[in-house]
Each structure stands twice: as C-alpha cells, then as structure tokens.
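In the form predicted alone, a lone chain appears below as structure tokens.
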C-alpha cells in the first residue's frame, strides 16, 4: 500500500477520491445499506490487514484473522440493520469501553501491565476522563464553544500529567507520557462522539454531505455543530489526499531506519538482558529510528503550509499555493513575496522544532 500511494500522481489520486469518496459515497448514504458482498469484502480485507499488523506465528495470525472477520461481520450487519451511518452515535456506554480500551492499549505499548505505577496512572486518567465527560456531555451538546472545547482539552492534559506525576511512582516520567497520551485520545473520542451525535441533524439539511469543491457551503444556516461538521466534510478529501501520499513515504523511511537500528549493539544488549520484544521495539528501537523521520516531517509540514498547488486546484481551495500561482500569473510581487515570507518562516520554525525533537528522541544529543 505504501508503494502504491507513493507512486500515485497526486492529481489522479485526488480525482479518484472525488469520485469514490464523495460522489459515490453521497449516492450510497441515501440508504446506507450494506449488501452481503460488501460486508464479506470489508470483513476479509480488514481482518487480513489487522492480523498482518499484529503478527506472530501462523497459528496466531489465523486465529486473529478468523476472530476479526467474525467480529467485523457482526458489526457491519448491525450497521446495516440500524442504518448506523445515517444516525451514528457512540453514546456514553460505548465511550466508556473505548476509553478503557485506549488505556489498556497505552499500558501494553509503554510499560506492560506489571508496572504498577504506569498502570495506576493511566487507569486513573481514564476514570477522570470518563467521569468528566459524563458530567459535561449534555452541556456540550446544548452550549458548545471553541474556547470551551480548547479549555477542556487543556484541563484534560493537565489532569493526565497530574495523574502520571502522583501515581507513577518510580516510573513517573513514563507514566506522565502514557497518561497525557491517554487523555488526548480520550478527548478526541469525546469530540467524535459529539460530532456523530449531530450527524443525523446535519444530513437533514445537507443530504449529500461530502463536498467535492470549496472550503465551506455558501449561505449555509445550521447549528454550531452543523457548521463544524460542514467544515470538516469540506477539508476531509484534501486532507486524505495529502496524508496518504505523505504517509506512504514516511512508512518507507521508518522501515529503513528500523532495519538499521535493529542491528545495533544496544538492541542486542537489551535482548540479552531478557527485555521483552515489545519493549525492545517500542522503547529502544523505534525511538531512535524516528530521528531521520523528524527531519522529513519538518520539511513536509513547512511545504504544506506553503501550499499544495495541485491539491488546492483539484478541490477548489484558496490556499497559499493558489495565491502563489495567481500572483505569478498576474505578475504581482506582493503576493509572491508574501508566499516566500510565510514558507521561509515555516521552514525555519519547523527545522527548529525538529532539532528540539532530536534531543527528546535521543537524550545523548542534549548532552
């Protein structure tokens, strides 16, 4: 998949997204039904991809594949029966299970369940997030606001850091990291639940929800959540187009860097000490292998701020790339110089952040 996305021309990929992810999806969402063939395809492909990611012996992969295929089949049969995509909602019970799953995943990926400090900190963060969202969910549905959401997001991060600091014990630093990531993911899950709860009302006023051009629907009158959903649907296709093309190159660089790091002496030393393979990969190898990737991401992010001319042209966005192109065609030095000022500043700032990230990823650099 990485090779395919990396080799696809951006223009062609963007046009394919407009056809399949917008036009055909808008036709399908009118009924939102899943034929048996579609359910079987989704179950088989999804189970195959996830079982390949999980890895292990062939017996383990087959068991994982069978279990996931059965689970995905049941889920999409349920989606078909209740037309979930027209009236989607997570709800508080599913949100609780989702946050607990996020907490379990963070514990498994960082220290393992035997580390009492990290385990207690992450679980405490999850409980605080669940209780806080249960109390505030009704208020956020009726009286939302961008400042309120950002304020609550900051409170969630602080709460995660405090839980990690007070409950982390000797693994305080690792507990703070795991707890903060848990609070961020729980906040994102809460925002998704709020958006999905307002999706049905949005479909009533916008029956074809995924637009193919522009950054907002003109003269669109709806609720605060409806306007935010409208903005997200407009930015969905350009984001997917840019993200998949960039992600393809990132996976190749990460793989090459991981293969080099895994042959280092300190990796063999860690394995000889009896450290589990999961900790060797996540705590020792992956962290150092991200150093080359940090440089590439910094340059790419600065380039995105500078504008993506092809993507903006296909999706009708008025961004920096469009301004630069129009400035060149009109021989307007003011717009061209403004473009270079923004892109140059972005390049300097992102490279500075990349240097700071080097010290975080490899403490030897900061010494």
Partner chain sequence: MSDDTTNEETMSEQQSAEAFEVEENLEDAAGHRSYSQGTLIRRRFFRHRGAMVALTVLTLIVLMAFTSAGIGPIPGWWPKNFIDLYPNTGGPEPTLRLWPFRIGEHPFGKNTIGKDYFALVMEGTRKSVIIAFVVGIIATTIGTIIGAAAGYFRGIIESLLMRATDLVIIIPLLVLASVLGRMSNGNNVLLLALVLGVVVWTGMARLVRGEVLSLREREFVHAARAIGTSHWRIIFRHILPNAIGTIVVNATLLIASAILLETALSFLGFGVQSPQTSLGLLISDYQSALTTRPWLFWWPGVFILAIALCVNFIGDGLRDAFDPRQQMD
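These numbers come from a predicted model, not from an experiment. Numbering follows the first chain given and starts at 1. By rigid core we mean the largest C-alpha set that fits within 1.5 Å across both forms.
Not pictured, yet referred to below: the form predicted together with its partner chain.
Of the residues given (50, 44, 309, 32), 309 alone sits with a heavy atom within 4.5 Å of its partner chain in the model of the complex. Residues with any non-hydrogen atom within 4.5 angstroms of its partner chain in the model of the complex fall in just one of 139-147, 191-199, 166-174, 254-262: 254-262.
Taking non-hydrogen atoms only, residue 313 approaches its partner chain to within 4.5 angstroms in the model of the complex.
Among residues of the shown chain, residue 361 is not one whose heavy atoms approach its partner chain to within 4.5 Å in the model of the complex. Residue 325 belongs to the set of residues with a heavy atom inside 4.5 Å of its partner chain in the model of the complex. Interface residue remark: residue 16 is counted as part of the site for its partner chain in the model of the complex, having a heavy atom within 4.5 Å.
Shown here without its partner chain, the chain has 3, 4, 6, 7, 8, 9, 11, 12, 15, 16, 19, 20 in 3-28 lying with a heavy atom within 4.5 Å of that partner in the model of the complex. When the rigid core is held fixed, the Cα atom of residue 252 travels 2 angstroms or more between the shown form and the other one.
When the rigid core is held fixed, the Cα atom of residue 27 travels less than 2 angstroms between the shown form and the other one. With the core held fixed, residue 190 shows a CA shift below 2 Å between the shown form and the other one.
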